[in-house]
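Presented below, as structure tokens, is a lone chain in the form predicted alone.
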Amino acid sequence: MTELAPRTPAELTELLRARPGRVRLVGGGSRQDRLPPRGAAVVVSLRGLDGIERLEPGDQTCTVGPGLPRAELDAALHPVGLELPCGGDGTLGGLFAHDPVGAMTAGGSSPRSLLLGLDGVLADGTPWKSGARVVKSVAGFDVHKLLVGSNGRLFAAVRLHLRLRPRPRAEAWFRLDGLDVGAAAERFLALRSLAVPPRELHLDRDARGCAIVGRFTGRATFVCERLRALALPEARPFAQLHLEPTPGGEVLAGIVLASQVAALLAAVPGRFLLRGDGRFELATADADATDAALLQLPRFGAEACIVRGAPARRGHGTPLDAGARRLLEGLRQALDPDGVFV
């Protein structure tokens, strides 16, 4: 496998100006098995762009390279009482470009809300900037937010300007087990609709039934009062953000309206993991079960695509509406007309 590894933004710029052919941008590589095959594309690793260029605790902002591992940023933020308040791991560039988790609760922080700006490089090697390094700015259109969810197929990011938050003073996890579909959906919606919802909220269905798992944060008195008032038993932290496919099975990732959760759960079998913002993953038994689920999802206003399974099937999903398709095609034509990034 051909792999190129620029160490600076200038090296990446020169590499792309040299027209290396089709390119697959990678960070740590942890999400490549959730993307369609790269074919004969040259792999360009951004792991060398891994510095913390700026950390401003007073402003609660920082500037990092896309190859910086999330764990290294977390370690640097802990001593100054800050955190990057979104889920996900791997490199920061991959986390923001793939956006595999989104917000953990209704109205919570997500990569899209935390990306203040970036420095990037287009497919022909043209450098550009968007946004700002500070929270309050009038820097024009938020073009940088096109990075979120793009999977590195529009441009390469070389610096990310991020918004941080103070670490919570206290936190407590809770878990409700043994719920049926109706009870789980009702409790999920009730917790999601609180004036101050849990910092994280998950609905997890497996062969044993449904569970509601979450985390409250804030002052210690508030956290304790919430658990008591809502009759929520304390539990160990819940670390599962993604589902693994069974042998011969596949995993769908998508989004559904909260009001349709109960109906969707009743109609679609399989292991199901739902987060507070409506994003879900569904593990199916085989390709036939996946195809049957994809036919069902539009009935509930849900959208999804295959993210784990046979390489040739990854990326297939519910159809895009005409407007979304035109928007996607227009962005690719404007930013990468030659289809360099795959």
Partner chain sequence: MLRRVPPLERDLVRLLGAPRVLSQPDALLAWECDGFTVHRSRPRAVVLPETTAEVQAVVRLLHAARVPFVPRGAGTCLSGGPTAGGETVVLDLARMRRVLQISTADLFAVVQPGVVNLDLTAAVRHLGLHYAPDPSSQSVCTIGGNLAENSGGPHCFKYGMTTDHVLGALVVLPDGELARLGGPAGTRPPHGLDLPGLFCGSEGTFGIATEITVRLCRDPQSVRTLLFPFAAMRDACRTVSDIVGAGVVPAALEILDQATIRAVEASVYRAGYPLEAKAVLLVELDGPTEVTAEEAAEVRAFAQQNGALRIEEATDAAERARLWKGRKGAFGAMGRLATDLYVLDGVVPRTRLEEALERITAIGARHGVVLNNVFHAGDGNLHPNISFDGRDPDATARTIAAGHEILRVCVELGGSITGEHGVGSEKLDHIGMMFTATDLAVMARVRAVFDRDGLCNPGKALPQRAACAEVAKWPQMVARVLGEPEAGR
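Residue numbers count along the first chain shown, from 1. From a predicted model like this one, the values you see are computed outputs, not experimental measurements.
Only in words, not in the display: the form predicted in complex with its partner chain, which the text now covers.
Contact with its partner chain, judged by heavy atoms within 4.5 Å in the predicted complex, is confined among 283 to 291, 40 to 48, 64 to 72, 300 to 308 to 300 to 308. The putative spot formed by 89, 263 and 267 is not touched by its partner chain in the predicted complex; no residue has a non-hydrogen atom within 4.5 angstroms of it. Using a 4.5 angstroms limit between non-hydrogen atoms, residue 127 touches its partner chain in the predicted complex.
Contact annotation for residue 13: none of its heavy atoms lies within 4.5 Å of its partner chain in the predicted complex. Its partner chain is not shown here, and in the predicted complex it never comes within 4.5 Å of any heavy atom of residue 271. Among residues of the shown chain, residue 175 is not one whose heavy atoms approach its partner chain to within 4.5 Å in the predicted complex. The single contact residue among 211, 183, 189, 227, judged by any heavy atom lying within 4.5 Å of its partner chain in the predicted complex, is 189.
The contact with its partner chain in the predicted complex, taken as any heavy atom within 4.5 Å, belongs to 256 out of 243, 84, 256, 104. Annotation for 189 to 224: interface residues with its partner chain in the predicted complex are 189, 192, 193, 194, 195, 196, 219, 221, 222 [heavy atom within 4.5 Å].
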